[in-house]
Each structure stands twice: as structure tokens, then as C-alpha cells.
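Just one chain follows, in the form predicted alone, and it is written as C-alpha cells.
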């Protein structure tokens, strides 16, 4: 019998289905409920095709071919039907593709994935997973504000997992080895990239471009690589030796560095474009903002102050230092001033403690070290006194309506003027991007920085890309690292002559907020354990030294802390056919959003976990249990919205799947049934989940 599918003709035996014929032709027709060796049930209708001469679509998995049949398996109508089928299946999906911490990480770090091997006592096995998404994990483990930890579900039970401390630990252990982890490199392409700026964005871009086989040369105005990680963050937070070790890995991958070279002074953009095949601009935001008040030229720049100290200077500060600002830079400045011997350090912040944009632990640490913080105060004038000291005239403030940042705007209180005396005033109220060289070289700019396509980071010059603070203005180092990785993807596409589209993001389902009953179900099998913390040096010692404040976790601490991870994301996230096809067909998981099924977990089986909210009723596990000869097996239970797969006669999952549990987990297309010890690995793109020892898991 002859059948033609998408213009390709093949001869097949009678009884052959359209799906089987298509597979022989190498044509991909998606399926969720079809399993080779089982009778097709046509439950998901994802394999719908259009048969010439028929008004309706037909399921390819169960429709036998007829002689001369002509089939459209990829037309617009067919794709639209598949997309709708996927959106309907996703409409009440009660499960997360990735954990909330993973979704909140700007770099997209697979947190549960790297926590697994640490919990199993194999921290070096975590490095390929970490390095796939996060360059400089040792440094970021110390300075990252940990947006991921704010979204950790464990925080609703006791305390969030110490995620940053864990990837800091894994990187620390790895860097102590004689041969630290180096990612594999593709064969050399013969293409070269110039990177302006050797801070976190530039270093990350080089790290990922070098892996793709492209040569990279980094140009930077400073003597050593690192950018703000080296010259804007004091050593008590990030020791130079830790940063040096990670920069050395990038050197070992093949990066070249040309230091003390400033854009606009030592080279132009056009000179780099003539010399290299592409350029990535990662200059950061290193121009300090002034206080914008009378006499503001008398104040030191916070960034310049930290830069001088990082280069070994010890500026004379006098008896009283006033620091203006409430961000991380202000906290770094005031705590550095303490370590330089200033007897009295005062921070002035124009809002309240609640509105401070820095980490609260930085504020608490500063106070422990003797720093005074005055809230709702803003300087209005600086004057030099005859004895060389400064008079700082201030106003008390009150909070008004929120501004564009979402924080309540400080409003001066009439008649509240007062004065403070100081030997040194340091302004740490923000930074901006130096845009003059960019504009002189023909680049478009915005009010924040360089103008780029946000999906690709390509500028108005096709061979020039930009990212990090150079685009966004002053932001987090982890976002700069994420931008460097995205730039590497886009630049690689450009250098290979492919369409520059950036990195395609998979569809991610995130459950809406769980109610108290669902949270109780989630936490039912989790034992409460306190968060593990590294050893801290005492405040008095901190006042006298730039020694690192907090030591890395030791192996026992790291293993215990990693074991607190609840593995909130799907165990089959990268092997989930529903997610793969939703991404392929551009499905909107929230198109038909309405009432969803309630989150539930069946933990009664020693081998597998069952989450009915992820089940699409494909019936595959039911047939697997039946074929295996299970006494009870599985069946479809319930009616209407409450229908689900379950064990008949009120039996437990352990009773229903005595022999076929592993096979049921392997054939489940969505991870509704998953092995307890499984962890699908994004690195190898495997459809077979990896496994770890059962003792790794607490539940």
C-alpha cells in the first residue's frame, strides 16, 4: 500500500498506522499516550493529522493507512490543533517544571540538580551542572544577593536552603584540586571575539565562547581582571585569591587579556571590529553619581574609595567618617572604613531600614562592627571648615508615595535642618554607565546604557553585542554573568552565519500559590532541620582585618545542607514529553487557565513518587501494570474533574505496583510517576533519568 505524508511516499504493509509509516519516513509526529508494543488508545490527540478528503483530523497512532492515502502531518491547521491539545493538557497541570528557586535565579541555575551530588558526598560531580549555567560560582557564592533563596519553598517550613553557600562550597572544593573542572571545548572555529571589560559579564562571555571554539581577547582599563568583583567588593567579602582561581580557569580555556587598556583612550570600537569577527561590550557601570547638593565635590566617590583600597592604598580618613547611601556599595564603604581604623562611622540614608536595597545581613554586619545608621536623613550642603573638617547640613525626611522603583519617595520635613561634623564624607548613592565612547563610535544608547535587542543582546551594529551593567545600569553580578552567557549564545550564532535569535527558553509551568492544605501535603514527609551556617569570625576581629568573614561550609555541613533540598522541580523535567512538545509548538500554558487540580503527592511506594496533578490520563501506566500481571494494578478512578489514576479497592501504590513501578515511571510521559532516585540531566539531554543512591534522600 502506498501512502504519502508531507510529500514523501512510502510502501507499507496493510495494517500499518500513519504514525508507523511517518516514523519510517523520518517524519516526527508527536505522541504522549502512544507506547511501542501497546495497543494505541488515541487519548491525547497530539498525533492528529489531516487526511486528504476527510473533514476532520484523525489520530495518527491508531489510524491505519489505505492505498493512495495523502496525509498532511505538519500544516498550519494540524499544528494549531496540536498546540490547542497541549494547552488544554497544561490548563490544570498541578506541578512545577522547575523549582521556584531555579525559576528565580537570573542565571537559570539547576539548583536541585547540583544539590543532589553534594548531598551524596560527591561535590565535584556538581561542577558540570553548575558550570553549565553559572560562570564564577565561587565568587558569586559569596556576593550574590540570593534571589533564589527568597523563593525557596523550604522557607515556608523552617529556613530556606543555603544555595549560594552550596555552589560556593562545590567550587571551593574543586578549585583546591590539582586539576579543577574545565568544561570541554569544541574544535577551534578560527573566529575571534573582542570583549571590552573583564568584569563578571565579560568573563562569563569568554568562558562560554571559548567552549564553543572561538578565540577571546578581553580588554580592560584596570590592572587585573575581575571588574567590580575585584575593585568594588572588599576582600573581607570576596578574597582576591578566590577570584584569581576562577579567572585562571578562563585563562586555561584560552582567554587572552590586554589590561590597562581603556576604550576611547587606547582603542576605538572600529579598530576592534577590524581586528576581530565580533565584539562584546561589558564595561559595567563604574561612574559614580554625585550627591547633587551644594559642595558635593568635597565628598569622595564610594567606588573610587573601594578601588583605591583594593589596589593597596590606605587613605587617611580621620576620626569621623560619614557615608551617604543605603545600597551594598554603601555597606562595603562603611565596613571598609571601620577596617581602616576610623573610630566613628555614620551612614546617612534618606529612607527607612525597610527600603534599603542592600542585603539585610550587610546592615546587621555593619552594626555589629560599630557602624551607626541614621535613617530618613539626607545631606543638603557640604562646607569645608578652616581646620580641614567638613560640616554636613542635613534635613530630616518622611516617606511619601512610591516612586518608579516601588519604594516610597522621601520627602523633606520643613524646619528639620541640622548639621553634622566629619573628617571625611563618602558618597555611595549609585553608579552610571560611561556612554561617551559608545556614542562616539556610533552605538545607540538609552537612559540606562547601551541599546540592545533584549533577546539577543545585539546592538544596532550587527557584529557588536553588549550586556550586563553596560545595558541595564548598575545591577547584580549574577545578572551580569547571565548576560555574558546569553551574549555567548548569540555571538556564536552570528559567527556561524545562523539567525541570531538568542537562547530558546523551554516552556515552564509554575504552580500558583499553594493553600495551607496543599502546603501541609508538601511538607508532610519533610523533617524540620535548621539551616547550616559557615563559621563566622567575631565582630571585634572583623574591625581589625580584611580577613574573609565567613568560611566555606565543610564537607559534612555541605552534605547536610544539600540534603535539606526538597527537590521541588519535576524529576523528569528534561525528559517530560509534555514540556518538550509545548516548547516545540509554542503552547501557552496559561491560555485556558482556570481551576486547577490540587497539588498532592503519593509517597507510599518505596521506589516511585506519584503526583496525580501531573497526570494526563494517557492510560500508559495502567496498561504497563496490566501487562506485568499486577494483582491490583492501576485504573482510572473518579468522575468529572476529579478523575485520576489510582489503585482499585482503595489499595496503596505499593500494593498496586509490586513489580511494574520502575517501568511505569520510565513510560510516564509527564513525570506524574517518577523514580524517587531519578534526576533528569539537562547536560546530556538524556531521555533516561540519572539515578543517585536511595540514601541520598530523606523522603
Ligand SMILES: Cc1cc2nc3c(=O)[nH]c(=O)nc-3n(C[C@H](O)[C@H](O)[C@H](O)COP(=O)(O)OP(=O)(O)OC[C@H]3O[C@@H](n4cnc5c(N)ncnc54)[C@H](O)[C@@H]3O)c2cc1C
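Numbering follows the first chain given and starts at 1. Note that the structure is predicted; figures quoted are calculated from it, not measured.
FYI, the form predicted together with the named molecule isn't displayed, but the following is about it.
Annotated contact segment (heavy atom within 4.5 Å of the named molecule in the model of the complex): 327-335, selected among 528-536, 327-335, 343-351, 487-495. With the partner omitted from this view, the residue of 206, 198, 457, 171 that lies near the named molecule in the model of the complex is 198 [heavy atom within 4.5 Å]. Of the residues given (249, 382, 422, 143), 143 alone sits with a heavy atom within 4.5 Å of the named molecule in the model of the complex. Under a 4.5 angstroms non-hydrogen atom cutoff, the named molecule in the model of the complex lacks residue 91 among its neighbouring residues.
The closest non-hydrogen atom of residue 581 lies beyond 4.5 Å of the named molecule in the model of the complex. Residue contact with the named molecule in the model of the complex: residue 220 places a heavy atom within 4.5 Å of it. Remark: residue 480 counts among the residues lining the named molecule in the model of the complex, judged by a heavy atom distance of 4.5 Å or less. Residues 282, 283, 284, 285, 286 of 276-290 are found to place at least one heavy atom within 4.5 Å of the named molecule in the model of the complex.
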